[in-house]
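Single chain ahead, by itself, as structure tokens, in the form predicted alone.
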């Protein structure tokens, strides 16, 4: 349950519900309802009462702040028919929190120290709003702050371990297989026989980095659950192996970085049409300093020429071409003395460029001896181009690295 009028007005997007939903299958918890409720005490109270009638566990994010429109605690108290009281030890903790930042605690923050008899606090080391874990009649309400940086650390450090202790009758294991290069419909058709089975369950999801297949198995122990996953995973690999690029929590940048480290190789990039997004993704990996030499960003032929890309290649084939992408990758590799060069070029919009359509892009990955080339034709949206081209380039990078002996 996402709480806050700002969510209903579109001022903020509820990313918390999707993130929590992604963590529930591994705990064996089935998500059936997602709600967004505004800052209205009667509506919130009714939502909690209705939620307890149809669900065993309710998760909430938001509404735990110190202002008058933060009403999550008050709504739960009303739904339970209990009166909250101030807990002095929490007040003391809040005062220390503000003192450490050189400011007195605002008087309104004292409401964050309220607690009802059927609830306990969930510590929040990253903010002033402690969470609540409330239980009544066999039903559980778990309340977390709205800011993702606060609720995600609270989930991982406090909530998830406690939930795992409660769910002892079965083990749930997931395996996420990530592919790139085939449409969702094509992947669905190839592995269609595995859909519609409750256990192990196979789900298919279209993401910015390709099509993901998630296998979820539930059993009395880990060994049994794992044995249920293995044949499905093997069948997927047999049919889609050349399109599989990663597993579970891997991202294109972490997968490519891992391969580069294992092979002891270095990397340089040159990008046109992605505005630095490729370099940004690469450097999001903490270990990238060990293999990433650097990157350059250019948006026209003059800039590419200044960086060393042969002008005659662009004059003959155009800035947006496979030949120019190849020249860019080799130029980046040689200029920065790296083992591998990666380049992307394309038409980012708002309209055609060199008579070529918006969404056309080319990728090149080379080590000087082997080169992987790719033409992409993407939906004509700048945000899609800046998201998908870097992902595909990193996937092609990993494939080349894996081919190198």
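In this text the structure is predicted, and so the values were computed from the model without any measurement. Each form is matched to the other, and the largest set of C-alpha atoms that superpose within 1.5 Å is called the rigid core. Numbering follows the first chain given and starts at 1.
Keep in mind the form predicted in complex with a further copy of the same chain is missing from the figure; the text below concerns it.
- Only one of 189-197, 158-166, 137-145, 81-89 lies within 4.5 Å of a further copy of the same chain in the model of the complex by heavy atoms, and it is 189-197.
- When contacts are defined as a non-hydrogen atom within 4.5 Å, all of 205, 288 and 348 contact a further copy of the same chain in the model of the complex.
- At a distance threshold of 4.5 angstroms between non-hydrogen atoms, residue 46 is in contact with a further copy of the same chain in the model of the complex.
- Within this chain, residue 295 lines the site of a further copy of the same chain in the model of the complex, having a heavy atom no more than 4.5 Å away.
- For residue 369, no non-hydrogen atom is located within 4.5 Å of a further copy of the same chain in the model of the complex, even though that partner is not displayed.
- When contacts are judged by a 4.5 Å heavy atom cut-off, residue 307 counts as touching a further copy of the same chain in the model of the complex.
- Of the listed positions (123, 185, 117, 231), a single one reaches within 4.5 angstroms of a further copy of the same chain by any non-hydrogen atom in the model of the complex, namely 185.
- If you take 214-228 and check each residue for a heavy atom within 4.5 Å of a further copy of the same chain in the model of the complex, you get 214, 216, in sequence order.
- Relative to the superposed core, residue 337 undergoes a Cα shift smaller than 2 Å between this form and the one not shown.
- Here residue 377 does not count as shifted, since its C-alpha moves by less than 2 Å between this form and the one not shown after the core is aligned.
- Positional change of residue 48 between this form and the one not shown reaches 2 Å or more at the C-alpha, relative to the superposed core.
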